[in-house]
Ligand SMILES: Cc1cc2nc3c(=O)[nH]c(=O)nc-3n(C[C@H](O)[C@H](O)[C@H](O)COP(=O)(O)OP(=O)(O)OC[C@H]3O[C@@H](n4cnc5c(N)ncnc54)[C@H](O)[C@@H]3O)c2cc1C
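Before any questions on how it binds or moves, here is one chain, the form predicted alone, in structure tokens.
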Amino acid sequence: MLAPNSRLQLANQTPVRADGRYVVYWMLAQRRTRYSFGLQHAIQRARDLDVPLLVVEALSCSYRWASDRMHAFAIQGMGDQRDAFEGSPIEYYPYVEPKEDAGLGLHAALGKEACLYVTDHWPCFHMPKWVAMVASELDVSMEVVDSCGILPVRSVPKAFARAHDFRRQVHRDVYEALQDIPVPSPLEGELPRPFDGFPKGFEKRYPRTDLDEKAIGKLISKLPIDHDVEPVQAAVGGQAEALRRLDTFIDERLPNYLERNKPEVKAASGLSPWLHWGHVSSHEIFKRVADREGWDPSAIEGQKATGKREGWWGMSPESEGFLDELVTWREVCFNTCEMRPKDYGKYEALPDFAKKTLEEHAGDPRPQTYTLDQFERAATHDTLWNAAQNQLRREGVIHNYLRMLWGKKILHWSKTPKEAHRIMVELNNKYGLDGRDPNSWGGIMWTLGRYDRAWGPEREIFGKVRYMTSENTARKIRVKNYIAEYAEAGNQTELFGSS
């Protein structure tokens, strides 16, 4: 089955090459073999053209914040792809760039004998630039497929300032969107004919990466990437691990989801790194929740778009709460990146009220100020904040509620709001396995006022931007065990101090 037209876009105006030897699927953002519109579309295009399909998954070493942590997670996913394609007629070609710019020309070399190129849409970080660059180099048509979320990213024609308004748009559009979901297992259907060889000299110039665990460790150690950011041993990348964690969430955590803001209750999904790297699809996650509820889209057919967070789906409160995060909050961030491609993550793109009030209070005295280095080392006076930063450094994630506090206190303890923005971007994207994602940019910008309203009373430093403190957080939720788990010797100067 071809991907729906609402999820397709041409990246160039070059025609399909009728006498080409194969179709190439550049597995860029959706690095999996399940519930993938991109893979599904590429398979069907190859079958229609009666040619083989070549799947190329490449990993650059020249992107910002490339590190052992990010590379290990991505390469573990490549191992899953290799296993999934094994025994099929589709050729899977993993390529980890061994040195900076070694991969230049890879796609142009393949494109010379291709009928067609297919790749994934992703609306932020370096991916739109990469797609545009490759499309301009190819002398063959490139089709870009959107598997980002439940709604087609381009189906919503404007950027939304508030989540409530975007939620109403979801209510209007989601029934139609759910009529076209990706095939669960496209490799189990009818496949193209077997691949019959690369262009001459291609494999020598761009050698296939050996995905043996020992070989990968040796390769990563030699790459020109940040070796100080180590892999997270407890977070294995790949589709298999994503599905295992999805099982755990559905069976054990979702029943407690309404208590997800409590770090000592295991209720949050914890799926954000695997969603970011494309190792699991939001469609598959949605389907698992719907199946748990015995729900199908007929339950919302013709239903009025209210924008209400509760009761609209006709599911249990915990499932409705989770879907609001998965669909509304996740996809409003994609909407912003899509509709504001030049400034989605820039300080200047904050709402006018936020820029005005933060500027008015930029000169307010700070109770403490810390440098990027001090924040990075979790060397503040506040043990709860330090614990959150230590979790980010160790595990590549922060508990979802404490991530908000983490950002708010960086604003509180930085010399200026713009400096706070810079520090949040650097730490989140350097250490977060789910950094550089539309949701990461959305979370950072939310800390500074995006998707929010003006709050009162007006406060020093924050002005009318929403205020959070470690003391109030500790009064609302139990954090003692969390602090004990993530505190480090030398960082326990005060419980919260003047935070």
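Keep in mind that what you see is a predicted model, and the values were worked out from it rather than measured. The numbering used is simple: start at 1 and walk along the sequence shown.
A second form of this protein, the form predicted in complex with the named molecule, is not displayed here; the remarks below concern that form.
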property	result
Stretch from 170-178, 399-407, 356-364, 203-211 whose residues place a heavy atom within 4.5 Å of the named molecule in the predicted complex	399-407
Answer option from Cys148, Ala242, Val145, Cys333, heavy atom within 4.5 Å of the named molecule in the predicted complex	Cys333
Heavy atom within 4.5 Å of the named molecule in the predicted complex - the one residue of Tyr35, Trp26, Phe462, Trp446 that qualifies	Trp446
Proximity of Ala268 to the named molecule in the predicted complex, heavy atoms at 4.5 Å	yes
4.5 angstroms heavy atom contact with the named molecule in the predicted complex for Asp434	yes
Trp329 within 4.5 Å of the named molecule in the predicted complex, heavy atoms	yes
Partner contact for Tyr257 in the predicted complex: the named molecule, 4.5 angstroms, heavy atom	yes
Residues within stretch 298-327 having a non-hydrogen atom within 4.5 Å of the named molecule in the predicted complex	Phe322, Glu325, Leu326
